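Here we start with a single chain on its own, the form predicted on its own, put down as C-alpha cells.
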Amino acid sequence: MKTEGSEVILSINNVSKSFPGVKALDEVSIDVQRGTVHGIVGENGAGKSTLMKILSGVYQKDSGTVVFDGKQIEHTTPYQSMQSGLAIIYQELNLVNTMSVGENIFLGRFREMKGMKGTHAKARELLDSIACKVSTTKLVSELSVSEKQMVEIAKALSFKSKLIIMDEPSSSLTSEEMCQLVKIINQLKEQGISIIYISHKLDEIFEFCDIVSVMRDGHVIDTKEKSAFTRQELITKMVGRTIENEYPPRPLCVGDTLMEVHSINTHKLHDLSFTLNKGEILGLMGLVGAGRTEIVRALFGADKVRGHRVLIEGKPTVIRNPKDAKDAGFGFIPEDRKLQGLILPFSVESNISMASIRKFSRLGFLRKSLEKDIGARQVKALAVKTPSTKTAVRNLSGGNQQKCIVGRWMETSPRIFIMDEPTKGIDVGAKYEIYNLMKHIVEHGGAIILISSELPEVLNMSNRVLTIFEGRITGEFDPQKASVNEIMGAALGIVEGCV
C-alpha cells in the first residue's frame, strides 16, 4: 500500500522462502513508506520473523526482490544490512553478556570511535538521547532485560539507520520505559526514519502505527491504514477465524485449600505468606522487578529460601530444588523460554519428554520409541505446528515453543502449575489456546499461579489477585469486584487492599 505523495523506503515484491517441510513465505509483497511506523501482525508461524531475517541478511530469499532506499538487495549480510541503514532489534536480544554496554553498542567499530574513550563517550550520547541512565562501562550480564532492550535501541541508532525493525520491543519494558519508547519512535518519525513494528499487543498497533499489514501462513492477507481496521477485523484476519472474545469465560471451580505458603524470605522477598486453592488461578500482579518471579522460583526450589514452610493438602512438603518440586506435583513455565525453558538444539520430542524421563529410561538407557510417543502425544494434544517431532525446537515459532514447555509439564499431570508470562511474545490465537488449556487444568482439579505483565490477562483469567511491591504482598483482590485503580494502586505500593 502506498499513500499518495509518499516515498517508499522499502519495497518487498513477491518474496518467497522455504525450509525443509514448510513454506515460510509465499510471494509476500509489502511497501514501507519513509517516516512512518508500519505495523506487521500475525500469528506465530505466520512468517513475520522469516521476512525480517531476510531483510537483515540472516536468511537469503528463494525468489522475489527487495529494494531498500532505491537499491536492490541481494545476498547481504547482517553487518552489511546495518551499514546500509537497515537495523533490526530482535525480540531475543542480540548482545554479548561478557562485554560492556559501550562495547556492545560499537562492537567491531572501536577503531572508528578512536578507541575505548571515544566508544564510551559516543555510547553515552546515544543512551542519553533515549533517556537511558545505565553506565556505558557496566557489563551487559548485569543489566535487566529492559535495560538490555534500551541498549539494543541505542545500538541501532548508532548506525544512523534509515529504517529500524522492532520485533516485540515492548515485551520486557515497564510502563515508564514503554512511554519512553513511544517518545523515541515519534522522534525517529520526525527525522524521517521508518519503523517496522512487530507486536502481538494490539493496543500498541492501534496506538502508534500508521499502516498495518496482516500476515497468515506465509502470506500477506491485507495491508491498509490503521484507522481502516477494527480490532475484531484484525484478529479475524490474523487467525483466519472469528474469536468473539480474547478471553474464554473465567473458570469458576475454586475448591478447598491446596497449598499454604508461610514466611518466604530471600534477598528480594520479605516474609511472604499466601494460600492457593484447588481449581483456582491465582494472579500475581506487580511491576517488573517487584519480586513476582522470585516468589515462584523460591517455591520451585530454584532460589535459596530462608525459614519458610510449604504445606500441600495439609502435609508439610520440603522443596530444596526443582526435582523436589516436580516430585511434589509442580510444573513451571519460566519467564524466558529460550534461556530457562528449552534446550534449543534438542528436538521437539526431547524437549517435551525431559520432565518424564523416568517413563522411558531404565538403568541409564533411554527407550527412544517411548520418548517419541510422549512427544507425538503432546504435539497432537496442543496442536504444535512442527514439520516433525524430530525438528530442533529452535526452528519453531515462539508460540509453538511455548506449547512444547506446556506439553512437557502436562505429561507429568501437575497439581500446581506455575506460569510466568505464559503468553509473552505469542499471538492472539495461540494466547486463546493457552487460556483454554489453563481453564482445562483448573476444571480438572489443578491450580495455577499466573504471572503476567498484561493487566487485562490477569484480571480476565484469575479468580484472585495478589499485588506485589518491593518483595512484599500489598493487596489481595477479587478481580470481578475490585477496580483497576485499586489493584494498580496496591501494585505501585500506594495503597494496600484486600478482598
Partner chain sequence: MQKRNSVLKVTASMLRDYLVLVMIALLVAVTAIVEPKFMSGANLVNIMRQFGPLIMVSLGMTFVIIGGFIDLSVAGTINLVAVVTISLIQPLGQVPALLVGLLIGAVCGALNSGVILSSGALTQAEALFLTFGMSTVYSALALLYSHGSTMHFWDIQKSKSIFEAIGAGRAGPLPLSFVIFLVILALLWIFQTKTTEGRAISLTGGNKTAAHLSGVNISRAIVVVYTICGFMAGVGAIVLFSRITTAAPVIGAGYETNAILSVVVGGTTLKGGKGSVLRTVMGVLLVILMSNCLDLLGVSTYLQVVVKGAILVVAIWLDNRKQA
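Remember, it's a predicted structure, so these values are computed and weren't measured experimentally. Positions refer to the first chain, counted from 1.
This protein has a second form, the form predicted together with the partner chain, left out of what is shown; the following refers to that one.
- For the partner chain in the predicted bound form, the listed stretch (126 to 134, 186 to 194, 67 to 75, 349 to 357) containing residues with heavy atoms inside 4.5 Å is 349 to 357.
- Interface residue among 202, 302, 381, 121, judged by heavy atoms within 4.5 Å of the partner chain in the predicted bound form: 302.
- Listed residues 252, 179, 339, 228 were compared with the partner chain in the predicted bound form; 339 is the one with a heavy atom within 4.5 Å.
- Contact annotation: residue 224 falls outside 4.5 Å of the partner chain in the predicted bound form, judged by heavy atom distances.
- Contact check for residue 417: every heavy atom lies farther than 4.5 Å from the partner chain in the predicted bound form.
- Proximity of residue 368 to the partner chain in the predicted bound form falls within the 4.5 Å heavy atom cutoff.
- Using a 4.5 angstroms threshold between heavy atoms, residue 239 stays clear of the partner chain in the predicted bound form.
- Annotated contacts: 322, 345 and 408 all touch the partner chain in the predicted bound form [non-hydrogen atom within 4.5 angstroms].
- Counting a residue when any of its non-hydrogen atoms is within 4.5 Å of the partner chain in the predicted bound form, the one hit in 49 to 85 is 62.
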